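Encoded as structure tokens, the following chain is the form predicted alone, with no partner shown.
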Amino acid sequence: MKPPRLPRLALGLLGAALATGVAAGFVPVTGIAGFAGSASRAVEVTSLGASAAENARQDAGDWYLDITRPGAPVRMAIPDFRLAPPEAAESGIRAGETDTASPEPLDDAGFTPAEEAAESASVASAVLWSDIEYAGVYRMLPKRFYRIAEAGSPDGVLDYYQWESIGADILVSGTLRIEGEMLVAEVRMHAVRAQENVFGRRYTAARGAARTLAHRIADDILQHAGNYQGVARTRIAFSTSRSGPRSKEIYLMDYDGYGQRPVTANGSLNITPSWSPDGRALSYISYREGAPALYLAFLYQGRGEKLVGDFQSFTPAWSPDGRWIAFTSNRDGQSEIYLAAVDGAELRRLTDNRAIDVAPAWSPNGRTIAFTSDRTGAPQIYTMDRDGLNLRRVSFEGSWNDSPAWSPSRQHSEIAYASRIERRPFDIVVHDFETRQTRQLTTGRGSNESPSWAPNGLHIAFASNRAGDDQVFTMHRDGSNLKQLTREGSNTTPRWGNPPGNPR
């Protein structure tokens, strides 16, 4: 029997396959310092004593319509966090003022509480600014203008007219302090021209979790200021060779590339991760027992299990309802798309064709699956119903199209995929189902592959060798704001996911 052919991605993975026989190794996420989803890093949020009417207005999120100007961008000012002593929750004490009651001992790193608070405030300020700027929905006012707005105002007194004079529409002010083992930040958001405090929250997190604190604040600000789902608390899973040239492990990182840490540690080949909808598990392919098999990693439990392993398996994709995993297998002698329940039962074959069918991707409503097939010659993107019926071809341009990724956006019905156009290296393109138009997002530099949408459908992660080795990058859905996230080793197949409890 003729062996099944595999497209570009699968061929590369097979060529690097290692039959090491190394025992499975998993790293529990809760044991990794700085992970935003860890229970020890949770952020508690309370209101700053607002009235019932004000809380209702904040929850409704409609106030921002009153401060926007038609045709003009909304401009936001975010001064750095000011330090507040432990007993001055709402005093507005300026940076540099400290509690003179009694000196506190140095911590394990040799910092006094005042020094630690100052460092935490500096980190939180930088992260909050970066998170809001990344979203790209507000024009950030340069901080060099802030001294003009603050000049002549007593400490803790807000002069709306001064902030309006430098062009601020929204002002976000905050204080930070250390209380016992906790960081406490108090944040207020002001509609400057309306002269209203429209948002007030107290955030409490463990000491050392300034980044996590800032990420939560950023997502809340974006939600309340513009009904925008932020990505500051999201994560990206990817496969990396950084542990050695003869192995690949699954790693996680924050959306901005910070805190890169392993999920697997077995010295074998671990590739193509896929998130569960609740953000608590990953499916992926591992060669740890020789042939590529489908595994699950339960992130908060530090354990994993084999789901499907009787035959070679590739490219898993978790269904939106969390009940099914679509994947590629050659169990019937050719490369086909299969469906299995998350407990490994109810195995179903969806495609039946002598061609290569790989790389399934679910639609947001779970009714349709996109995949790659070379049934008409060169690999192209197709869709089918979840039962394998109603086959439709999506891509018609490009000599090779692969790795479809369905946008989770409720506003845009789109699929991103890698396309080879006019014999050039691969580029990321997006097909819009409503307009039936395809737009190219990358061009001119390196080969760009394996797109994955952010949970809000407004950003895309992808792998590219434009910097030399394969690395993970992100960009906005229009191709702008390109950022490189990884630099160590070769890093491929990024998959963007949401932590437990994050808005979807």
Partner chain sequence: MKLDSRLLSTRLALPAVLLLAGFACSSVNRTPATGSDPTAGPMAPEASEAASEPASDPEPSNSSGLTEDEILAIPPEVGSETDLLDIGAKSLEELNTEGHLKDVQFEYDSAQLSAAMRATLEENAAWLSRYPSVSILVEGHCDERGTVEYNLALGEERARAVRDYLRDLGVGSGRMRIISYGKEFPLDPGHNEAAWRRNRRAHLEIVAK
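Numbering follows the first chain given and starts at 1. Please read all numbers here as calculations on a predicted model, not as lab measurements.
One more form of this protein, predicted in complex with its partner chain, exists but is not displayed; see below.
Under a 4.5 angstroms non-hydrogen atom cutoff, its partner chain in the predicted complex lacks residue 274 among its neighbouring residues. Not displayed here, its partner chain is approached by residue 423 to within 4.5 Å at the level of heavy atoms in the predicted complex. In the predicted complex, its partner chain sits within 4.5 Å of a heavy atom of residue 269.
Using a 4.5 Å cutoff between non-hydrogen atoms, residue 246 counts as a contact of its partner chain in the predicted complex. In plain terms, the part of the chain that comes close to its partner chain in the predicted complex, with a heavy atom within 4.5 Å, is 287-295 out of 317-325, 123-131, 300-308, 287-295. Within 4.5 Å of its partner chain in the predicted complex, a heavy atom is found for all three of 334, 402 and 418. Proximity to its partner chain in the predicted complex, taken as a non-hydrogen atom within 4.5 angstroms, holds for one residue of 474, 442, 471, 450, which is 450.
The single contact residue among 234, 175, 312, 407, judged by any heavy atom lying within 4.5 Å of its partner chain in the predicted complex, is 312.
Residues are counted as partner-facing when one of their heavy atoms sits within 4.5 Å of its partner chain in the predicted complex; in 340-361 these are 354, 356, 358, 359, in sequence order.
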